[in-house]
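Take a look at this single chain, the form predicted on its own, given in structure tokens.
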Amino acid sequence: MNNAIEVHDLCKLYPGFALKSISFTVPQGQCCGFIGRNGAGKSTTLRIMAGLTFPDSGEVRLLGKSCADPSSREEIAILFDQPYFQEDWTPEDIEKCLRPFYPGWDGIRYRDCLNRFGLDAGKKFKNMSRGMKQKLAMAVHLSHPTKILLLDEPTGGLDPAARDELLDIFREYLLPEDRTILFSTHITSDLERIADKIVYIHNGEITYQGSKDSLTSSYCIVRGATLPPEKREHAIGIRQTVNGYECLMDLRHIGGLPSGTVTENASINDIIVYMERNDKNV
């Protein structure tokens, strides 16, 4: 399987923060969840990929081309947490402005998307809800040929119904097998539903990359009255509770826990919470 996205030894230094030679790949046709707490480096990485920020060193290749190559932009779509269109523009105005820049623009497809998403072609952008603005941006991206969609917190602040609609649109985008999504979000339940792969960035470093199922099936939450001393080094993000303790633990280390210890499956959100708590406890 070819890689649609390749990040090699990417570095970017800011006062108080640095991307530390990160590397990861996203196979063509997959949706990859890009996770980590605020300030971990997700947005910086995405902005480099989008050509909005330049790295200090390293390389990003999109569809086999360097992201520094202007021709790589032709097949890349970008949706950040807030689409940027002129406030007084309507969807009709947006089409008139964008059509000349996209040789493959499909006006019929655009109007079909507006109708299906319930968007009024004559309504000004500034009068749309946040969910409507995101759907309008996706209508634009679905109306010209793209093969990679970069998403930075696209569902943040949306109500559950609007988020569900947007996830359906992302699934539709992936129907052609040559399309790929890199999806940064704090709403990990969205990734449980749509992601194939997870890349976890922590303090500017990649600490995990692999399938979503491999990540969630590698850990469990452990709760018990007493944690044996020999197990403490394997307890991630341990917290004392009224009844004893709770922590995250790699499944390889749960053997030999005392009788009465309870284990349960860990979600992506659980893994992030306990990993970040572990960092604070160190």
Partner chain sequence: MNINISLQSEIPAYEQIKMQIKAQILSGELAPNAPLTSMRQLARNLRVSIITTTRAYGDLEAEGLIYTLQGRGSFVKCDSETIRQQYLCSIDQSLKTAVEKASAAGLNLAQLQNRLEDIYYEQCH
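Predicted model, so just to flag it, every value in this text is computed and none were measured. Numbering follows the first chain given and starts at 1.
There is also a form predicted in complex with the partner chain; it is not shown, and the following applies to it.
- By the criterion of a heavy atom within 4.5 Å, residue 44 is excluded from the residues contacting the partner chain in the predicted complex.
- Using a 4.5 angstroms limit between non-hydrogen atoms, residue 136 is distant from the partner chain in the predicted complex.
- Of the heavy atoms in residue 113, none are within 4.5 Å of the partner chain in the predicted complex.
- Among heavy atoms of residue 244, none comes within 4.5 Å of the partner chain in the predicted complex.
- Here the marked residues 95, 97 and 144 all miss the partner chain in the predicted complex; none has a heavy atom within 4.5 angstroms.
- Of the candidate stretches 250-258, 230-238, 50-58, 25-33, only 25-33 has residues with heavy atoms within 4.5 Å of the partner chain in the predicted complex.
- The single contact residue among 195, 77, 140, 199, judged by any heavy atom lying within 4.5 Å of the partner chain in the predicted complex, is 195.
- When the partner chain is considered in the predicted complex, only one residue from 120, 106, 153, 172 comes within 4.5 Å through any heavy atom, namely 172.
- In the predicted complex, the residues of 148-186 lying within 4.5 Å of the partner chain by at least one heavy atom are, in order, 164, 168, 171, 172, 174, 175, 176, 177, 179.
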